[in-house]
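Given next, in structure tokens, is a single chain: the form predicted alone.
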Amino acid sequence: MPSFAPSASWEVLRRRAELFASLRRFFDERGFLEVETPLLCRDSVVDVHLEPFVVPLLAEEGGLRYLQTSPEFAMKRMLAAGAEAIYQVTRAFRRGEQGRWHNPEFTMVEWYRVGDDLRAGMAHLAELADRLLGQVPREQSYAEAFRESVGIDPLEAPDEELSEAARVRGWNGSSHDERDDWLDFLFATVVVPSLRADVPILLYHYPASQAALARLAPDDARVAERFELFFRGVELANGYHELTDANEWRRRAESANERRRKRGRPPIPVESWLLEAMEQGLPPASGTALGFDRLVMTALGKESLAEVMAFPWDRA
């Protein structure tokens, strides 16, 4: 095909549009309000592993802005201001993510509903998966999947056992290695490939150290009320029973920045509109982010994002 043309076929692009329409009907039927938030913001998610694009502006235009890695911060500000059930279809941007299942610019669907807990958030995602993929996901805890594939309890194993398990499977670390590095490596190289069934899988109760912006489980502080959807070996969605404690959010953000500094990465500002909103009061809610391009890829049985996007990075 000529280099100026879309990399996806017209048949695929039509199916993509049909899935978009079905997704919007799903949320409309459940009373969600579709919203829009800025792509360029002064705030950005503070994460050890996510690198935002930084856009320098003239001082009179407000200084630095970040292209958003997700609309999370702005949508949670809406919750604090009175929103009850909202969703958004938007573009998101992440540096250093390019390949078969990654594109620096991609389409994300994100939603929040006040009053939902972990189980309600998982049930809602399962309903959406059934609508778009035609299958209801099966559920399994993170620890159970880890034990079955790696043979180690990720919540109880000492660091030495995890590091050795990672090393024998090809881990080449650094002096900054820590428990989550080994967990992430084993999860990506051993656990996820073991999930390659043609049935979507919802994993839940991730280790507390990987809570991100999820609250910890009230009956087991070792795990977080976080869940992820996988299909055909690909992560499609990540959800939380949302953290509402502003002081805990600040502690986690400062810890993430410290880990970023150790890895030679610039810190992300901790002071933010979201922190201010949380200090005023963020209502209990569940939230989920879905990679729409990946969903289309797996739903249609394609092997790469380039087959389901009009203009991926090398054609943008």
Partner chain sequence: MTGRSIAAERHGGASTPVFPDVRGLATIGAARGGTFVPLGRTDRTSSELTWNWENDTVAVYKTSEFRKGLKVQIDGEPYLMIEMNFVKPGKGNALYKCKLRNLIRNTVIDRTYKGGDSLEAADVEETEAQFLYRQGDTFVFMDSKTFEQYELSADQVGDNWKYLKDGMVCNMVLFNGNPITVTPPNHVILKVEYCEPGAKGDTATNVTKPVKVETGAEFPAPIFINMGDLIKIDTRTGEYVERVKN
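Positions refer to the first chain, counted from 1. This structure is a prediction, so every number in the text was calculated from the model and none was measured.
Not pictured, yet referred to below: the form predicted in complex with its partner chain.
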{"item": "The single option of Leu275, Val35, Val54, Leu40 touching its partner chain in the predicted bound form, heavy atom within 4.5 Å", "value": "Val54"}
{"item": "Ala197, Ala188, Ala221, Ala81 - the one with a heavy atom within 4.5 Å of its partner chain in the predicted bound form", "value": "Ala188"}
{"item": "Non-hydrogen atom within 4.5 Å of its partner chain in the predicted bound form for each of Gly31, Gly115 and Lys302", "value": "no"}
{"item": "Region of this chain that lies against its partner chain in the predicted bound form, out of 197-205, 91-99, 122-130, 144-152 [heavy atom, 4.5 Å]", "value": "91-99"}
{"item": "Partner contact for Pro158 in the predicted bound form: its partner chain, 4.5 angstroms, heavy atom", "value": "no"}
{"item": "Pro283: touches its partner chain in the predicted bound form, heavy atom cutoff 4.5 angstroms", "value": "no"}
{"item": "Partner proximity in the predicted bound form: Arg226 to its partner chain, non-hydrogen atom cutoff 4.5 Å", "value": "yes"}
{"item": "is_contact(Asn238, its partner chain) in the predicted bound form, heavy atom dist at most 4.5 Å", "value": "yes"}
{"item": "Any residue of 244-260 that, in the predicted bound form, places a heavy atom within 4.5 Å of its partner chain", "value": "none"}
